[in-house]
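Next up: a single chain in structure tokens, the form predicted on its own.
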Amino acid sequence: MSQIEVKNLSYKYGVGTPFEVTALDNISFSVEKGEFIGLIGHTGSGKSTLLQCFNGLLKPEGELYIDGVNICEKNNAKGICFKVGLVFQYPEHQLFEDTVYKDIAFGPKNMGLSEGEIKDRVCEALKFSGLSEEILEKSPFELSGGQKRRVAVAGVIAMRPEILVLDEPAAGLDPIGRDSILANLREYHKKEGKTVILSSHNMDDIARNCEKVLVMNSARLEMFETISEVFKRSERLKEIGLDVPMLTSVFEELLKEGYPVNSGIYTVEQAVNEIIAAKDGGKNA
């Protein structure tokens, strides 16, 4: 059984008003337990709406099963926020407590855990996020932007969700901060084996971290394939307003120039292998 199963899911904003807009239009797909899924699409394609449906924040039409339970049915979404952890874009805006400890502890506390268990989870999540225990009694609003982002992510990790959903978690960070957040995320996935869904406009981040990619286009599901298969369709991605990883673009140009290389290259390792394989081939006749 798939851990996430989406059947004919639709969602509209402003129903019955002149501003009615369809954000999700009859989409269907499934995700297996432990997969690392990328989610891409142009602005307004429906990505954030879809992520909020997973967490039960929005009530769509259709069927959305989490571990076999259709959370679209009445009362079935109760407690789903603990099973599906959602990290919003600019998650530092989620911070509100007067100390870092209280902010990270907020979710576990609402789960009804003991003080000892809460403390263990806070320390574990803080360490995972790459932060020192020295900041636990500080106000989160005294921290740098990157530290705030890590604290917000730690607050979700502390609930130990079965599914971790992140909406542009590295947006607005400098390259070092972005790489650090994503490295922690990879480590979390590797260590815990949890299902992760990562939304990002940065195709290189998607290429380096994910196994499969959901591509949204104007409220509909355009593709759901492996990383390699999706980036082989670079022309279509560009048609719907998306970029491709830098290495993919480079190898497409080499292919156009007649060099014997493959398309759909998106990692340094793949690029090195392609160059070695083509080294003695020269240009095509």
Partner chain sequence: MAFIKTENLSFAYDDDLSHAALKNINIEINEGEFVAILGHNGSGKSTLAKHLNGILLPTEGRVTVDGMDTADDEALIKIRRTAGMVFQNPDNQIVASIVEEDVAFAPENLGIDPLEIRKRVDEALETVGMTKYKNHSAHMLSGGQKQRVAIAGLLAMKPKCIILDEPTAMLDPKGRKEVMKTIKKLNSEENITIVLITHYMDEAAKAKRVIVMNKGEVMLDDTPHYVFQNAGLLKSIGLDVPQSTELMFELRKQDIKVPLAVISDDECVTVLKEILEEDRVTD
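Basically, rigid core = biggest C-alpha set you can superpose within 1.5 Å across the two forms. A quick note: this is a predicted structure, and the numbers were derived from the prediction, not measured. Residue numbers count along the first chain shown, from 1.
What follows is about the form predicted together with the partner chain, which we do not show.
Chemist: Answer yes or no: in the predicted bound form, does the partner chain come within 4.5 Å of a heavy atom in every one of Pro245, Phe251 and Leu254?
Modeler: Affirmative, all three are within 4.5 Å.
Chemist: Within a 4.5 Å heavy atom cut-off, is Leu173 in contact with the partner chain in the predicted bound form?
Modeler: Within the cut-off, so yes.
Chemist: According to a 4.5 angstroms non-hydrogen atom cut-off, is Tyr90 in contact with the partner chain in the predicted bound form?
Modeler: Tyr90 belongs to the contact set for the partner chain.
Chemist: So in the predicted bound form, does Ile276 come within 4.5 Å of the partner chain, heavy atom to heavy atom?
Modeler: Flag for Ile276 set to yes.
Chemist: Taking the shortest heavy atom distance, is Asp204 within 4.5 Å of the partner chain in the predicted bound form?
Modeler: Although the partner chain is absent here, Asp204 would touch it in the predicted bound form, with heavy atoms inside 4.5 Å.
Chemist: Thinking of the partner chain in the predicted bound form, which stretch from 59-67, 28-36, 255-263, 222-230 has heavy atoms inside 4.5 Å of it?
Modeler: This holds for exactly one stretch, 255-263.
Chemist: Once the core is aligned, please say if the CA of Val272 is shifted by at least 2 angstroms between the shown form and the other one.
Modeler: Where the cores coincide, Val272 still shows a C-alpha shift between the shown form and the other one that is 2 Å or more.
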